[in-house]
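Presented below, as structure tokens, is a lone chain in the form predicted alone.
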């Protein structure tokens, strides 16, 4: 019993240290698929244009953050965790380790002190408080851990949108043609306020709460993957093409790179409702994940 307790304590310490490293990497280094999308956008812009200038600054920022191991953006945003852990571990232990790691990463400067009490305006200084970080925990049968982290900036969060169809304002009915109109309207309304070029996560259906949750989960997909649902795969490609023809461009300066990606999922809905939930992610598309062995050591990066 004593040996088991000591072993568990050792594993907890290792998981804690691994979580800090996952947070550090998420905050300071963009995944390969995102970097490739940024470079593609940069090459699409006309030389000496404002759009090309903006994309050059973004690329320089990416390189500098990685070299200095400093946050890609001063707004490290909402910290969102997706955690999968062995059934023999207790939920409360895993959740507490995540909170401790977030607090430690904040002290190290990987995260900005970014969690504010909505009633008093007081900053916790640790990024830990009611609803912060946002954690989805799930036990599974595997004898290993998997953690995914997303840092969702406030600027891009502000330009997310939700539609209830039919929507007479934009002429959107209850079908994929209506969904298309919702997505394009969300992009047009955002303009450059979401720190574009951006990425969209979209959920068709669900309710008002589950729709936004599922739309954010789309950001866990790689930009170069392909939707398993043919109709949605076609719509994803169409939305990127049409959004980039709007001329909004990086940071709203005009240009050909308004969106770097669009990922769409679908949930069942009740007949009375038809929601389209659109989450917007800025160019600093910070998401990372890792598989940990049963001892808590990082074995494989997921992005």
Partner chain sequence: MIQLNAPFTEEKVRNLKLGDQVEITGIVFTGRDAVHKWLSEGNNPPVSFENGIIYHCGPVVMPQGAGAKKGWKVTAAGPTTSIREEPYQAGVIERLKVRAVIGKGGMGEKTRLACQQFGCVYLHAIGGAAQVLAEKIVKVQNVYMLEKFGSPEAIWQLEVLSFPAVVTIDAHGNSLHREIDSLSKSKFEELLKR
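The model shown is predicted, which means the values in this text are computed figures rather than measured ones. Residue numbers count along the first chain shown, from 1.
The form predicted in complex with the partner chain is left out here; the points below concern that form.
- Interface membership of residue 65, defined by any non-hydrogen atom within 4.5 Å of the partner chain in the predicted bound form, is confirmed.
- Under a 4.5 angstroms non-hydrogen atom cutoff, the partner chain in the predicted bound form lacks residue 264 among its neighbouring residues.
- Remark: residue 245 counts among the residues lining the partner chain in the predicted bound form, judged by a heavy atom distance of 4.5 Å or less.
- Though the partner is left out of this view, residue 180 does reach within 4.5 Å of the partner chain in the predicted bound form, counting heavy atoms only.
- Using a 4.5 Å cut-off to the partner chain in the predicted bound form, not one of 22, 200 and 303 places a heavy atom inside that distance.
- Though the partner chain is absent from this view, in the predicted bound form it lies within 4.5 Å of a heavy atom of just one residue from 133, 71, 160, 205, which is 71.
- This chain is displayed alone, yet in the predicted bound form one of 251, 30, 278, 37 has a heavy atom within 4.5 Å of the partner chain; that residue is 251.
- Just one listed stretch, out of 72 to 80, 136 to 144, 217 to 225, 89 to 97, contacts the partner chain in the predicted bound form at the 4.5 Å heavy atom level, and that stretch is 72 to 80.
- Residues of 163 to 202 that come within 4.5 Å of the partner chain in the predicted bound form, judged by any heavy atom, are 170, 180, 181, 184, 185, 188, 191, 193, 195 in sequence order.
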